[in-house]
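Here's a solo chain for you in structure tokens, the form predicted on its own.
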Amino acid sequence: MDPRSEVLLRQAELFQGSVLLAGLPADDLLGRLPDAHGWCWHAGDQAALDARFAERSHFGVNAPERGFDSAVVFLPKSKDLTDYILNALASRLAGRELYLVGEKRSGIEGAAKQLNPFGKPRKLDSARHCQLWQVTVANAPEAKSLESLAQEYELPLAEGPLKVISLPGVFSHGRLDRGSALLLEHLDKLPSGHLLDFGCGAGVLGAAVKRRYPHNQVTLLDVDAFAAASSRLTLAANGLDAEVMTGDGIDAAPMGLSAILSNPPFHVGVHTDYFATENLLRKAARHLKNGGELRLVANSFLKYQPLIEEHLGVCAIKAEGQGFRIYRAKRG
């Protein structure tokens, strides 16, 4: 059981009614709170919740339409995303209770100040290295549309400027990260066919590739619903047509790919997690056709080359700079 869920269950009498659990972990919390429903934006967590609690968790970037009497927000990593989620729920909870739960190392103490616009927050519990805060919504705000919180920036590329639309909670919100910048400089000589942008974030790589290689089929894949929504906005802003998918890692990707491009994540919240990338490297060959290529950028300190060579074949370092390396390998 996630420690944040354990803290809620210490006060279980507060959560017996129609409560919405936003950003909930994929544990047994819904089993312990029979009238609760979830709102999830992580495809892996949603799949696990669906398997155990069918139709009790809503997936997407917007709060579910169904009514609720109170809501609990599991603190996201991003302050901007926390603001959006709190606003969306507080707008529907005038005079009722809104809760915020999170780990101390995730910054729950400071994040509790984000409840101030709605009323006077109070700390209900501190246990399992977590805190639980509550506010009675005295000042219900107008709900902000997600698109109104988007940040737009332009990248000067050889084919002309590329507009990037970034939403709260998406990796490197509002700016281009150094790893993607390096990979953008080395998108030459990609094989023709079906290309995948794995862990697409705001869709920078997928959009750049679709514009440079317009006759190729391009798919963008991310575990996060906000990333998928960002990618769709980025493609639309540039008049590009490509498929955007949510799914839990490379297992959700199409087969028969000509190339996989990735600037893969290694953090989930405040936790370091290499599983998604290592799983990609172990299974990329299954998704690539013969002669298909993996082109990946990663921090130089991450020792991915031996893993790529073990599962795919000879791996070359195509470029390096500013603490990053681009690895390139082909399926034999």
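Start at 1 with the first residue shown and count on from there. What you are looking at is a predicted structure, and each value in this text was computed from that prediction instead of being measured.
This protein has a second form, the form predicted in complex with a small molecule, left out of what is shown; the following refers to that one.
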Using a 4.5 Å heavy atom cut-off, which residue among 48, 298, 276, 63 comes into contact with the small molecule in the predicted complex? 276
Heavy atom within 4.5 Å of the small molecule in the predicted complex: which of 238, 216, 106, 180? 180
Please name which of the stretches 110 to 118, 141 to 149, 84 to 92, 246 to 254 has residues with heavy atoms lying within 4.5 Å of the small molecule in the predicted complex. 246 to 254
Check, residue by residue, if 2, 23 and 72 all come within 4.5 Å of the small molecule in the predicted complex, counting heavy atoms only. no
Heavy atom of residue 263 within 4.5 Å of the small molecule in the predicted complex: yes
Can any non-hydrogen atom of residue 196 be found within 4.5 angstroms of the small molecule in the predicted complex? no
Does any part of residue 223 reach within 4.5 Å of the small molecule in the predicted complex? Heavy atoms only, please. yes
Determine whether any heavy atom of residue 100 comes within 4.5 Å of a heavy atom of the small molecule in the predicted complex, and answer yes or no. no
